[in-house]
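Shown next as structure tokens: one chain only, the form predicted alone.
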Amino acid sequence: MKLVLALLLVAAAAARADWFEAPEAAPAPETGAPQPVDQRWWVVLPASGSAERTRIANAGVSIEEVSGSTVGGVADRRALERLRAIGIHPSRQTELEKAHLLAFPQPDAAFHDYSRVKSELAATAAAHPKLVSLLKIGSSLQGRDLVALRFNSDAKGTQKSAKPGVVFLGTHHAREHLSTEVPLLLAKWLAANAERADVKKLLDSRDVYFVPLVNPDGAEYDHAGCRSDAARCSYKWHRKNMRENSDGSRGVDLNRNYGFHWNTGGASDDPGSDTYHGPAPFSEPETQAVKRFVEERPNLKALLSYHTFSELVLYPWGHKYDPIDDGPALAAYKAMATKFGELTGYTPEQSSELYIASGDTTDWAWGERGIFSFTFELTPASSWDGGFYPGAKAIDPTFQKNIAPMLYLLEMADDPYRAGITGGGASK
């Protein structure tokens, strides 16, 4: 979803034209004939600005990339029909099963599945018992534990703390496996460097949580067909959780299921859409768990939710084009987002500059709880570089690039408003 010059897109397309097959239109359904529930396409669509991108999102397309005057994303048959009805036609359309993006070289043993995430978190807590503790914040739809790792020098598990709190969330969207790795590796790094003078100062004065895998069911499903001995892996491009919907489709988009201005744009009423918002706000056990976790901790001052891809730093609002009407908060958001951008090379912007999207984590955390909340869209910059599946080679450089932003957010958590006064600097 990173905005890049149209000329770069043209050059990339010319260089990598083999990544997509020739456009193939979705066949018109036969009257009364059953249609595949999960048939989806990667589509490239013309979109000249945020209003046009919002129209596309409202049609049920999961927009994943913004490049110049086009967008790329995932659409099912019904989304394509809605696009045609409003006069928008794909310039490229490829079945996901046939897209080159669907497969990349193995081994991907460096990626952590659900069981390995749990083991790594437990091992980190066991190795640092004076500082780190493990807690379960809820269960997924299929009964998997939603696990958090906590850093606090004088409070363990669910004990209350008055220290300024920060939470890092990963993998709301199943296919975004790199968004599991970054918070997991950051947590391990923080534990390993806990005695470093600057890190120790922060950890002595903060209450820090990592939840690397908000959507374990969907993540497990997405890579279920992959074998460790295979030369290539066919992932399912699954975005949502594993809710069985009434039409036979599968899943609710957890990052459209939060209750603040739920279903007010950029989320779909269609259960088959990748951006289906669910039957009601907080209808899913995974979002309920995050809600409960946040509400039980009034000391939380900052939240960072990791996603892929596009290399962006996003801040509220997402559900409307208007900026936050709290002037000092807006100044702080802009200053912090700019600092994050300097530290990572990612592009900072208000979420709705891309397109309207309602019911997401960060709008809810700020709008309902007053928590300074950001979304990082991680590596790569575009689908040409691997999209959701960039390979294990992307893990370490992306993790390394995000250490400094983590420390910066921890530093600012005592009073994020001061970023608007100091221009994003951490010094009081």
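Numbers follow the displayed sequence, beginning with 1. Note that the structure is a prediction, hence the values are computed from the model and not measured.
There is also a form predicted together with N~2~-sulfamoyl-L-arginine (0X9); it is not shown, and the following applies to it.
- For N~2~-sulfamoyl-L-arginine (0X9) in the model of the complex, the listed stretch (77-85, 194-202, 321-329, 304-312) containing residues with heavy atoms inside 4.5 Å is 304-312.
- The partner is absent here; in the model of the complex, the one residue of Glu181, Glu286, Glu176, Asp207 having a heavy atom within 4.5 Å of N~2~-sulfamoyl-L-arginine (0X9) is Glu176.
- Of the candidates Phe168, Tyr355, Tyr276, Tyr333, Tyr355 is the one whose heavy atoms come within 4.5 Å of N~2~-sulfamoyl-L-arginine (0X9) in the model of the complex; the others do not.
- Mapping the unseen interface onto this chain, Ser351 counts among the residues with a heavy atom inside 4.5 Å of N~2~-sulfamoyl-L-arginine (0X9) in the model of the complex.
- In the model of the complex, at least one heavy atom of Asn255 sits within 4.5 Å of N~2~-sulfamoyl-L-arginine (0X9).
- Interface membership of Ile56, defined by any non-hydrogen atom within 4.5 Å of N~2~-sulfamoyl-L-arginine (0X9) in the model of the complex, is ruled out.
- None of the heavy atoms of Val43 is located within 4.5 Å of N~2~-sulfamoyl-L-arginine (0X9) in the model of the complex.
- Contacts to N~2~-sulfamoyl-L-arginine (0X9) in the model of the complex (heavy atom within 4.5 Å) from stretch 64-78: Glu64 only.
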